[in-house]
Ligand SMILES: NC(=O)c1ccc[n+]([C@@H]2O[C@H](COP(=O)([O-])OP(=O)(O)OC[C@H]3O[C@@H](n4cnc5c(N)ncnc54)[C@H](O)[C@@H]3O)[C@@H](O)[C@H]2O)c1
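Consider the single chain below, provided in structure tokens and representing the form predicted on its own.
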Amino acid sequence: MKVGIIGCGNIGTELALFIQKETNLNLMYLCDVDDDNARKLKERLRDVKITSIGDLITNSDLIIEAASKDTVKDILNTLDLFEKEILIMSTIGIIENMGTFNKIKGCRIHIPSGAIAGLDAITAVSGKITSLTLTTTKPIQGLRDCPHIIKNNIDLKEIKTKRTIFEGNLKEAIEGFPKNINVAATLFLKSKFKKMKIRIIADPETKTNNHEIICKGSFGTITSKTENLPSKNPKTSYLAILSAMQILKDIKN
């Protein structure tokens, strides 16, 4: 199986090294909007080619998106995805392009569980949920430069104790934290619950990305809590990378 990775930053690099060391998959193509990122990663690998996103999608059997929600849009709008497998990390990109996503036929799309646990149970009770709340607590450094922070003139340096900096729905969360809220997007894709409530807390004392899910319905209550160490990128939990690695292990070459 020929593999191509779009996005050669923290996640793409970790997955590329994992593929060559731990799987029988054939990593052949890299693509990144930053040519330096792609070249630096290529130097750490063997027998890979830097190419355009179009050529990568055309020539790969398994396409790994580790770039951005805009890249997801480009992939989903590709005319021929028949019999391809796609691993999507930026699940916000699916939410913003649901019309296109729902029309895709003949390919298999993998959505990692990311930084949260219990998604199998959430998927099982989809359609029976009456309330769903996600509370995310993050270190200060993982919230810098978010549109919500800038728009509301929130001075993160002035936050000395836990503070709720956002409460709202999925659309509002995506607009305010486009690089921080893939957890919420993944939770929606599994639950199909449109009235999910999202709370984001800034905590200057924590070193982990924490996610607590409370899901209620005719089945009872499901509670899930994870405390994730950040990866090299403070906006990304290491668990998100590990969940993608597990999918790669399960894909048969």
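Just so we're clear, the structure is a prediction, and the values are computed from it rather than from any experiment. For every residue, the number given is its place in the sequence shown, counted from 1.
Below, we turn to the form predicted in complex with this ligand, even though it does not appear here.
S.K.: Given a 4.5 Å cut-off on heavy atoms, tell me which of 152-160, 83-91, 98-106, 139-147 is the interface stretch with this ligand in the predicted complex.
M.R.: In short, 83-91.
S.K.: This ligand in the predicted complex: within 4.5 Å of a heavy atom of each of 135, 187 and 213?
M.R.: Not one of the three qualifies.
S.K.: Which residue, 115, 75, 174, 122, has a heavy atom that falls within 4.5 Å of this ligand in the predicted complex?
M.R.: The option sitting close enough to the partner is 115.
S.K.: My question is simply whether residue 34 lines the interface with this ligand in the predicted complex - judged by any non-hydrogen atom within 4.5 Å.
M.R.: So residue 34 counts as contacting this ligand.
S.K.: In the predicted complex, does residue 10 come within 4.5 Å of this ligand, counting heavy atoms only?
M.R.: Heavy-atom contact with this ligand at 4.5 Å: present for residue 10.
S.K.: Would you check, heavy atoms only and a 4.5 Å threshold, whether residue 6 touches this ligand in the predicted complex?
M.R.: Flag for residue 6 set to yes.
S.K.: Indicate whether this ligand has at least one heavy atom within 4.5 Å of a heavy atom of residue 68 in the predicted complex.
M.R.: Yes - in the predicted complex, heavy atoms of residue 68 and this ligand come within 4.5 Å of each other.
S.K.: Give, in sequence order, every residue of 227-243 that has a heavy atom within 4.5 Å of this ligand in the predicted complex, or say none if there are no such residues.
M.R.: The stretch touches the partner through 233, 236, 240.
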